[in-house]
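What follows is a pair of forms of the same protein chain, given separately as structure tokens and numbered structure 1 and structure 2.
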Structure 1
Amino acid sequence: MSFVPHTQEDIKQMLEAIGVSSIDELFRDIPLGLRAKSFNIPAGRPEFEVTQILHKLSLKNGIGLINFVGAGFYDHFIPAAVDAIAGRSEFYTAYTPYQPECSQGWLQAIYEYQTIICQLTGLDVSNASLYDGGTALFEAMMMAIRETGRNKIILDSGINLIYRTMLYTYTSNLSIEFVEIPVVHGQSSRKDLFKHLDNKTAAVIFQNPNFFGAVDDYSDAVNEVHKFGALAIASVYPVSLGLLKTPGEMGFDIATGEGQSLGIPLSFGGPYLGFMSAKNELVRQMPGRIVGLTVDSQGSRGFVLTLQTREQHIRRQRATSNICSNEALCALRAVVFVSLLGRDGLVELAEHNYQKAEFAKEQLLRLKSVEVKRSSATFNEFTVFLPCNADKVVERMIEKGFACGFPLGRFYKGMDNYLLVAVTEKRTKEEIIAFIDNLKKVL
């Protein structure tokens, strides 16, 4: 039975129980100017009423906005089973499974996660997860530098600026030459790429779909990259792989991405999940850990940490990375999410995202002052040109209950009137139409 204080006697008993004589003594470490003037604690209420009150208060934070923002992080539906399974104490209290004899459940979960990432990306081997999409991309780049012995990296400017900034920041004290190639009509410029490719190139990095939402088939570019002995790296949006060519099908050597869209809530920016997969021949360059499947002395199936390439283990100065932990709980959410969907479910999810985005494009075409960029195919995110500053439109749309997109001028010079719009399976027909109607009023 919960105890809710109502009287001065109740408060006195509580203070005595914790060993202080007064409220002033209880809060003596707080400056007077910051203390509450009074403590008018209302009587207790039923759980349902309290939940309603807290929900109304939370709406003041803008979480009630109808979300059309993407830019690398997406508002997808998460089945209740994901929370239920990830919330089991044997999972959320577990640390890295160093001792296989008492960690078979965790090890198997990570093994299944690795298997799913390999199936999603079409590549041979996956590690046991990384911090986020940007960290994973950095680690992939360093893999290429170690493998080739070269230090030139060609970056597509359609890669998320957050990721590019991370690459520059992490390598600020390293002798690495970066070359950024432009995006032309939303897609990578093959002409500029081929011009910069040479025998000093360690890797070329692409993103699919890129930051503008444009989808590309990089098979031709990857073939050209390989002619110079360089590696090709792709940063991918995992949900899109339900419809698009996989990195493996396009010939990429390494694939990375942000796993937030696989059952992980937006949560004001984290924690998130970095995934990575690669061709077999690169397995000893991979950071972090890899869980393997084996049999014990009695012939029973078992799971064990197979490769541990960090400096705290036997690798020491030969470690491939200083990644000291993995995002195992987030990886567990991802494997539960994908397992619940299944192969056909993932395809259906991807189709819903694509079709709803196409419907939103059609509705936007009703607005004569708005131009939908159609020079490239897209998945569930696309770029529109507005007749005025996109930042101001975003502000006005928030007042009407919509987070209407990401203003590209914040990341790209000269694009102040461009807005990046994302549509996921959560957006209903009614919400999309209301979004268009309110955008028309604002414009």
Structure 2
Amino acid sequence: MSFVPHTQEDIKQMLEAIGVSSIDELFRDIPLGLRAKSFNIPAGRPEFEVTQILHKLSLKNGIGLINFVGAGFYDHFIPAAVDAIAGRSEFYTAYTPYQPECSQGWLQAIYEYQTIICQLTGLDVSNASLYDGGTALFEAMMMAIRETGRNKIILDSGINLIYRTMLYTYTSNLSIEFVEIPVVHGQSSRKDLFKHLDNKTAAVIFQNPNFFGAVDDYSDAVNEVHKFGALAIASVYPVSLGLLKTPGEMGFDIATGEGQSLGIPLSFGGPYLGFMSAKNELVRQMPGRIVGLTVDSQGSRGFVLTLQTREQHIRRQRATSNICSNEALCALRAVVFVSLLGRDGLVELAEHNYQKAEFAKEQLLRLKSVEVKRSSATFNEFTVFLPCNADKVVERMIEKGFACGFPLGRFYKGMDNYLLVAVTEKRTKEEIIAFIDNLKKVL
């Protein structure tokens, strides 16, 4: 099967029109010595066989676990209408909307997406999306380096280690100086921040809620960062923004984050959605596609890709970024998801997450041998100190049907007994209670 519609007669007529006698002749520019030395690929199979093979593989994945693992990637409910819209092939089989007159659907949807990202983060401008939360954070950092002409970056160690590792990987050939400031009692240490902040600093980067689930008001820190002419960047969890103080309200210059929680399935790590918003004055430093509103020759409203002189297809090695693809289909899922929830629904979602996590904390108090860390307020995720190695507990809980949390020892030295537990709106009271009953058994 190759989805090729050509009949033998079609091929014959086309070869005649070209003026060659065989398809092989069309490949004559490839020297014989450079032809494929092997092409040892299994023979094709019919659709029902391939579907069956892959269905069987899908069943080898254990997805029946009751999930309390988050660590930046959350098990949220996705309304069926999101799938229905993202499944419209007029959306998913289109390309980047280079030709606006035949892409108004996509362009308007992205303009609406940009608007919801601005509304969620409280900042002025958004782009049309980036690959994921980690690459979005890297792009934000590079914006700050270009904007300030400086090369020192201060990182809060409450930023997901996966993202910090990505930043280090991407900059291994660039001369960028990184300083990490510690988290003390769940919160980013202001004392250490102020010690390292100077007029060589390009940006200070925080995460809210941080990796331990703790929420903070960074207004004071951001204010101090600005005194040194540096930019403040926040990596945020969009569902939490139904409740939490926004990056805009705290004075941040750029916000980025992982948009997976907005109607995008976990799907073993991708495709996800990197989002980015910033203050107006930074728009020309932004990477990626941006959609703008304009008018047509009759004065009617329409949408186009805009500010393209930032981009690689025009500026080449002087572009703000090398990005060409974005995650438009995931951005569409996000805007449909948020539109379905609406003003009240998003707040309700955030409240359910917060309250269910608080309920789980209270129930955990029943277990005398564990300690819930309560030095900071948290959103829907929190740390628990166990009387034994968290890795072992996780393993035993999997046997009981629970993905009970993320063992912090995997990312942080000296935290082998700590477990990071996430509780989303999907977890029922019964599941939370069963989780704690089983935890009691394995401890």
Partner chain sequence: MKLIFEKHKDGRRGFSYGSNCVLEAKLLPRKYCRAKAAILPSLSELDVVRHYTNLSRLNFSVDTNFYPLGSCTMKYNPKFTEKVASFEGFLQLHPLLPQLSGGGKLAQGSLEVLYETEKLLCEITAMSAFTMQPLAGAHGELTGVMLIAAYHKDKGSRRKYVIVPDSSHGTNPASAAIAGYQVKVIPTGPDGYMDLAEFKKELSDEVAAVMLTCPDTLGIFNPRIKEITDLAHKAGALMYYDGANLNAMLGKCRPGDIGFDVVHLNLHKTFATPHGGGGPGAGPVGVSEKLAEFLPISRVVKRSDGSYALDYNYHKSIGYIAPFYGNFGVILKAYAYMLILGKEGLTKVAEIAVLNANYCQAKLKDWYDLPFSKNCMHECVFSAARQVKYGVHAIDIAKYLIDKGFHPPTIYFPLIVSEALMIEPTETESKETIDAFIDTMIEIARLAKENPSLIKQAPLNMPVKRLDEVRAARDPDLSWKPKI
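All figures in this text were calculated on a predicted structure; none of them were measured in a lab. One-based numbering along structure 1's sequence throughout. By rigid core we mean the largest C-alpha set that fits within 1.5 Å across both forms.
Since only one of the two is the form predicted in complex with its partner chain, can you say which one? Answer 2, the form predicted in complex with its partner chain.
Is the shift of His55 between the two structures large enough to count as movement, that is, does its C-alpha move by 2 Å or more after the core is superposed? It does, since the His55 C-alpha is displaced 2 Å or more between the two structures after the core fit.
Taking the rigid core as the reference frame, is the Cα of Glu430 displaced by 2 Å or more between the two structures? No.
Examine Phe27 after superposing the rigid core and state whether its CA is displaced by 2 Å or more between the two structures. Yes: Phe27 shifts by at least 2 Å between the two structures.
Fitting the two forms on their rigid core, what distance in Å separates the Cα positions of Lys37 between the two structures? For Lys37, the alpha-carbon shift amounts to 30.4 Å.
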